[in-house]
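Take a look at this single chain, the form predicted on its own, given in structure tokens.
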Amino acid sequence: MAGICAAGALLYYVKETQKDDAEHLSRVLAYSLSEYMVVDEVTKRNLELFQTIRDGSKQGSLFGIMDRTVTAMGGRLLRRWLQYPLVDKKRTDQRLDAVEEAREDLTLRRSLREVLDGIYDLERLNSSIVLAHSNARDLVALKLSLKRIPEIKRLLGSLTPELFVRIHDGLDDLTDIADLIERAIRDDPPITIRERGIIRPGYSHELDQIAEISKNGKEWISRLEKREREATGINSLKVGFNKVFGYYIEVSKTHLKSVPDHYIRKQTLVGEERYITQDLKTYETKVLEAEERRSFLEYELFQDIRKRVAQQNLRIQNAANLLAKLDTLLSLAELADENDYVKPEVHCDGRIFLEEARHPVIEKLMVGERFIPNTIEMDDTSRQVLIITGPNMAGKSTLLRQVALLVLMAQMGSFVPARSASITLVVRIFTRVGALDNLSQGQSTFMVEMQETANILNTATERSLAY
């Protein structure tokens, strides 16, 4: 009940601030912390999962090393997988199996990534369209993205792991939406939706008629100028336009004697006189009304098209989710292939064995040197506690973080840098490496270390990894 009330309050806040029903927020999904490894803020910081301790940058973090995604959606999902590693063996194995097959088929993987690379951020586009914040170029970007889905489905058809089969079977090609935008919106529309030139010719018969009137009107003005020059013998006569007087006939004062009687004087300038005729004024009204009607009708048509696309937001969102998952799995396969990672064996028997393991970040940052791999074996019986000693700069902290990072990578569904890896599923990683003092709260480095140690001792279970 508390969760429903909180979700309702949040949706009310969104509705009030956005002045819209936010129809793309269609359901609330509950998740249990027991389904994921607990990675608290201290652990994120000490393991430098998303930013470095030294300068807070992405470069040098685990996410910075692992991110090979080619879409914005995939990048966000990879970050989410890294924040919430799995504790379920079946789901973890499904991800690892998918990564394994994608790694083995280099040609297919590269083909899929190439097609994905041309897909825009469907999640953001979808939200923008539903909230009526999008312009015509956003619809074109959506169309170009959706046109790539059939090729993705075709390529996915040869992959057999369960996750890839689910993506293939659940992926709607959305050709009806792409076809609507193709028929309705020009390929190079203006930025703002109040400008003309958004709707493609042939989509609306009424708009085409109005556009023809506007086009013919300008041609008629050009013909009028030629005709009046011939009739009056005034070669310098010209037809002009301004927003104050509309269309006018301009004659220099040296030719005033040749001005016909039916010309009506409208404005006197230093060297010219400006006139109108009844025919010119009548046609001007027709042309200007057509221009105004054209702008209004294009805007109305665009609003209708955007609304029709917004009504399919659940289908677009589902496609975005599946494409993000595909991109993330292919990214992990690319990472494993580039860096000679191995598929870990995950189980629940309380044993961790990492043969010739490497630190995934440090080995990439070392220049001119080779990272020395090391082997670690732990279990929940005879090897529950390991003490690592050595001088400063010997690599003790690196080794400790390395074990934690490899466990986390395995449980998110990634291959790991090692010759072989057998990893038990853990529900939480505790870290105490890299504690800093908190002088603003009267806590020294020693006090912070004692508090973190006490938290580990009071909270850890038999399925926790602590260092």
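All residue numbers are counted from 1 along the displayed sequence. Everything quoted here is computed from the prediction, not taken from an experiment.
If you look for the form predicted in complex with a small molecule, you will not find it shown, but the lines that follow are about it.
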366, 393 and 396 all contacting the small molecule in the model of the complex, non-hydrogen atom within 4.5 Å: yes
Proximity of residue 370 to the small molecule in the model of the complex, heavy atoms at 4.5 Å: yes
Interface membership of residue 374, the small molecule in the model of the complex, 4.5 Å heavy atom rule: yes
Partner proximity in the model of the complex: residue 310 to the small molecule, non-hydrogen atom cutoff 4.5 Å: no
4.5 Å heavy atom contact, residue 125 to the small molecule in the model of the complex: no
One stretch from 106-114, 234-242, 165-173, 358-366 that, in the model of the complex, holds residues within 4.5 Å of the small molecule by heavy atom: 358-366
